[in-house]
Structures are given as C-alpha cells and as structure tokens.
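In structure tokens, one chain follows: the form predicted alone.
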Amino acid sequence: MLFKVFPENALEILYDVLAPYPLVGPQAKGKDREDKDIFVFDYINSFAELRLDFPTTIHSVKKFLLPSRENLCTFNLFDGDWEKYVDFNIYKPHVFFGLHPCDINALNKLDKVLTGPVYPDPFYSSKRKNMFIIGVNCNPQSWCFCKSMGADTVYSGFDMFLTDLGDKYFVEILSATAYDILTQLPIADPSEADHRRFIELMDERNRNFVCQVDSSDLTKILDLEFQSPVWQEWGDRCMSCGSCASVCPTCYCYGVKEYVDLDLTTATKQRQLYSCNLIDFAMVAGGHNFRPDSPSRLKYRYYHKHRGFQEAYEEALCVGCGRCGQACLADITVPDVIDSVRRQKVPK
C-alpha cells in the first residue's frame, strides 16, 4: 500500500477527473425531526452536492449492487419460437466516492457469498467488478459498534482511502488505477508531521467509540442459549416489518417472481430483496411455515449474522453500522440483544 497527501483544495480536482463516469456519493436530502441533515448515497451531479462530512447514511451503497427489485431476464414468444434476454444492468464503470470503513467491509462480506461460491451471482459480480471505490474516514456515532465487530478499519476492497488531516488529505492507495488518477493531482509523500497527525486522529477516533458489543465466544454463547427465553421477549417486541433488513448493508436474502403478460407473448423474471423477519419468509409449497412466529424469525436472523456466517467464513456478517437499530420501530438494537443473551435479561 502506498501513502500520499494532497492539499484539501485539490479534492475538487479529483472530482473533476472522475466526473466523466457515473459518480455516487453522500448527499444531504431532507431534514430529520431535530432539523439535522439526512444523508443518502445517490448520483452526484456537481462537486457542491458531495458531502464528505456526513455522519452516516440511511442506506448503504448495497442498493446499487442489489437493488430492491431487479429484472433478471425477459422472455419473448414469436412465430412459435422464443428468445431469452439477460441484462446485468450495468453499462459503464461507477465511482463510489465517500464510503466509510463499515460499508466497504460490508461489500467485502457480500463478496464472500455472492462472488466466491461455485455458482457466483453474475448480476452482483458484474456490478462489483465495475466499481471504483474511494473510502473516507468517519467520526463514530453514539450507536456505532463497528469497532467491536472489527469493521472500524478496512484493508481491502477499495481503490483509495482518504483521511482529512485539516489542510490536506492523507491517501492510502490500493490500486494502480487509483495511483494513475492521483498523478493528475498535486500529490506529495507524507511528511513525519503528516504521519503523526494521522496517528493522532486515529487515536482520537478510537476514543470516540462509546457503543460496544462483547463478541468474545459469541458463537458458543449463542449455541448454549438457543432456547433462551429472551428470544421470546424480543420476538414479542418485533413488528416483523423488515426495516432492519432494508437498511442492513449485508442482508442479501431474496425471492424470485415471474410475471407473464396477458397476451402470453412476454414474461419477466424479477428478483426482489426480502427479509427473514417477514411472516411468509419461510413459507413453502402447501402452506407450511417453518418460522410462523416472530420470536423464531428474529432469533434466526441473529444466528445467521453471528453464528452461521461466523462458522462458514470465520467472521460475523454484521459490520456494526447500527442502521438496523436506528430504523427499528421497536427500538431493538444488536448491542441490547447480544447483551441480553449473555445476561439472560431483556432491558426494559
């Protein structure tokens, strides 16, 4: 990995160099109840729209790789014959400007499932291969527990990573493409003072983490407490709305439906992201539901994130971004649930 620095005012030059490509970044859209900006990842049309000072976004960039609804293929019938058309829904490389470490780590986890198996997902893989990622360091929010999940720093899955030193940016370079782009900026080697400032900022950032999850021996704890009554208590609170999966950067469960036009000449196969908390998630032919009640669905969601994925890939599927807890209408958060499993007591 190479390290460089460039002046803060050169950030706009970097934007201009990348502007010919579709560029996705954080921008403010609307206000919350406390009159604070709400940030989302969306297409950026001008440098003024790009807000790298954002605390967090409502959704991650997952929606650009795994849209909530995506046409997988279409079928057309004509003259007694038929044809199938497949569209991977990516037409040129995209630049993703301003991803926090947790969101980059989330993509790395999705890669293990959707690009690593014997049968990789071609729709996800085609988009992933056309991503140029610029990461930025962040200031932890009160609900962030990414440090507990080992997702507060990132070592792969990006092209360049920026840290604001005040009057300049400290750049970690991970790809040859990123280096070629940076040569068009007034870059320089970081000085000893730049290194010290970088370390000071990282130490200060680490001190700002206030939300924690005790993940030590968590897989064993979950095995021991599979029948714990706390799952019933949390399940009774859960509204089975699926908001947690909607905002989660690592949820990837989906269903496939086929739609046939009334004239029987055209059909579409569509993938739709789903949530294991929804009541019909585990329903099969014949009407049997393997998880008919909310407590069992909520429990298996946690076991997938912190037990099953851990066993398969030696890491949890959760990155600790805290979006699920912020979106939950019942105020169910991962730190509270994991703590209650350990203590056998649900907080009031």
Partner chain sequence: MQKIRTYLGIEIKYPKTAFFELSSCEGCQLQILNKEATLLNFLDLVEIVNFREVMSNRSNDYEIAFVEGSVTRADEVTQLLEIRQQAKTLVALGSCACFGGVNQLKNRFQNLEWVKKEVYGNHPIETQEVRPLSDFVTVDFSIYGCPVKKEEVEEIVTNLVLGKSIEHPRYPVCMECTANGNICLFNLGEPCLGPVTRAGCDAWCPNNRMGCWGCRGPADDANLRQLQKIMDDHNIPRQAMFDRLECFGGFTSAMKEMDR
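Numbering follows the first chain given and starts at 1. The model shown is predicted, which means the values in this text are computed figures rather than measured ones.
What comes next is about the form predicted in complex with the partner chain, which does not appear here.
Using a 4.5 Å cutoff between non-hydrogen atoms, Gly80 counts as a contact of the partner chain in the model of the complex. When contacts are judged by a 4.5 Å heavy atom cut-off, Met283 counts as touching the partner chain in the model of the complex.
Looking at Lys257, you'd find a heavy atom of it within 4.5 angstroms of the partner chain in the model of the complex.
Proximity of Val118 to the partner chain in the model of the complex falls outside the 4.5 Å heavy atom cutoff. Across the options 44-52, 58-66, 298-306, 311-319, residues that bring heavy atoms within 4.5 Å of the partner chain in the model of the complex belong to 58-66. For the residues Asn208, Ser156, Ser191, Gln272, the 4.5 Å heavy atom test against the partner chain in the model of the complex is passed only by Gln272.
None of Asp167, Glu200, Asp87, Asp261 but one reaches within 4.5 angstroms of the partner chain in the model of the complex through a heavy atom, and that residue is Asp261.
Contact residues in stretch 213-251 (any heavy atom within 4.5 Å of the partner chain, taken in the model of the complex) are Asp236, Arg237, Cys238, Met239, Ser240, Cys241, Gly242, Ser243, Ser246.
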